[in-house]
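Form predicted on its own, single chain, as structure tokens, below.
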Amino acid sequence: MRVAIAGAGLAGLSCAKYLTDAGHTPIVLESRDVLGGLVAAWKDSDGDWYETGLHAFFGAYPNMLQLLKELGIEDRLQWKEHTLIFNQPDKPGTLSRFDVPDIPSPFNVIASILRNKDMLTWEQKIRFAVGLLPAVIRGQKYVEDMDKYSFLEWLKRQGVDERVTSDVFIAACKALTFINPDEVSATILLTALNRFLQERYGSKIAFLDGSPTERLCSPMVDYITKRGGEVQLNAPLKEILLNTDGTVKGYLIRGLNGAEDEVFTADVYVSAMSVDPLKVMLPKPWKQMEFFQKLEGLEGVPVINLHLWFDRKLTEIDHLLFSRSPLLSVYADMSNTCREYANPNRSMLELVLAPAKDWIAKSDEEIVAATIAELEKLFPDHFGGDNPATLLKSHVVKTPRSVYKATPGRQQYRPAQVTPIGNFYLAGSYTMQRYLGSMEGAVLSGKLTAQAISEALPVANSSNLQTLTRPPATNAATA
């Protein structure tokens, strides 16, 4: 059975991969000339990569880890020491670590909090631990019910000290959702915290050994095409054509460079686009349906990713760092963390600017200048004195609409992968699945979509579609 998938991000490619496993023939249609969607990457004229985002992989990403294993590329993840590292704004150039011991969860994370002496007092640690107990003990139903509160509101209801928010969770919220604790739904952070607390290696972090486009997306395309599927770039969706009964008749693909538009037909159709372009593409008759009207409650959050190359090494740290800067979210020296980007003599910092709503319209020059001003605080030894570090070049990647903005009340607007249209399905991290808008959420959504299609329209070998199971925790521990 032919399945047309609009979008070659992780959701679309994941959906196609699992459809081929079930014996179907997916055809992925991507509007741009690059794979990856929100994990896309490009090479500049010097041969250096720059990416849509700073992509860190967690041990609490079971579906992503399983996918890498099935593709035979799990060795491309470079696992880092099990720790979380925060800058200390009041002590420029000083880092605070939450080192997680290799003992069963949740005792490992608890121990890392108790052993940290830089950021929280004992009273704050105890209040924090007591405040988290309801989310751990009362389970996912409780977590889902907390969507009516922002995370800051929830913390206050639990009696958690406000300094815990400023010291830890502003950085965590900006890293996971690109917005602050007073904006983000409590459900989102509690879901992430549950995963970190319940899985031994849930908070362990890895980086790919190269660009996501080549090291993750290209192997997915190879897997799909070797099993009869197709992936077409430069195939922008212009219109979803309908039959008289409201089902999909075909995808109208816009012709490029003077070429004629083309109607692409299949048995089943999937949108793996982000929610914002999907809303634009919805046919008028569908916009009258309650299922699709709910999408108006979702919108993407703006994100800015920066790449800065310097004339010297600024740090030897091989890990993700939480900046605790009012401007920046997380950063890493990719010359240390990523094998393909390695350079023993010079740093390439990749940084996420968040929240980005007040910066997305500013020029690249303004954004870089503001970022350098923050780096002077993070690396005072390299930007003070008579011989400051020199910026050699930079790239700024703006995404005006990235993952859905996870503000309170958004859960009710997240749609299922199965729509009221008999031959039309959705995939994307904004759809309802147990993870937030993330790489893991995108992969899981594609997997769920493929599973739903295979259950509705089985073929002889549909049993090949693997069930949604957690891979052994040792994947993260021993990689």
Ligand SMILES: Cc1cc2nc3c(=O)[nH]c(=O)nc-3n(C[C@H](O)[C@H](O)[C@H](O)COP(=O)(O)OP(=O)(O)OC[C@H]3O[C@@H](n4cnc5c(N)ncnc54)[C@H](O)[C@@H]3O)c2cc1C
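Just so we're clear, the structure is a prediction, and the values are computed from it rather than from any experiment. Residue numbers run from 1 along the displayed sequence.
The same protein has a further form, the form predicted together with the ligand, not shown here; the description that follows concerns it.
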{"property": "Within 4.5 Å of the ligand in the predicted complex, all of Leu67, Thr187 and Phe196 (non-hydrogen atom)", "result": "no"}
{"property": "4.5 angstroms heavy atom contact with the ligand in the predicted complex for Val39", "result": "yes"}
{"property": "Contact flag, Leu237 vs the ligand in the predicted complex, heavy atom cut 4.5 Å", "result": "yes"}
{"property": "4.5 angstroms heavy atom contact with the ligand in the predicted complex for Val100", "result": "no"}
{"property": "In the predicted complex, Ser454 touching the ligand (heavy atom, 4.5 Å)", "result": "no"}
{"property": "Of Thr371, Ser274, Ser335, Ser150, the one that lies within 4.5 Å of the ligand in the predicted complex (heavy atoms)", "result": "Ser274"}
{"property": "Position in contact with the ligand when the complex is considered in the predicted complex, options Ser325, Ser402, Ser211, Thr191, heavy atoms within 4.5 Å", "result": "Ser402"}
{"property": "In the predicted complex, residues of 53-87 near the ligand [heavy atom within 4.5 Å]", "result": "Gly53, Leu54, His55, Ala56, Tyr61"}
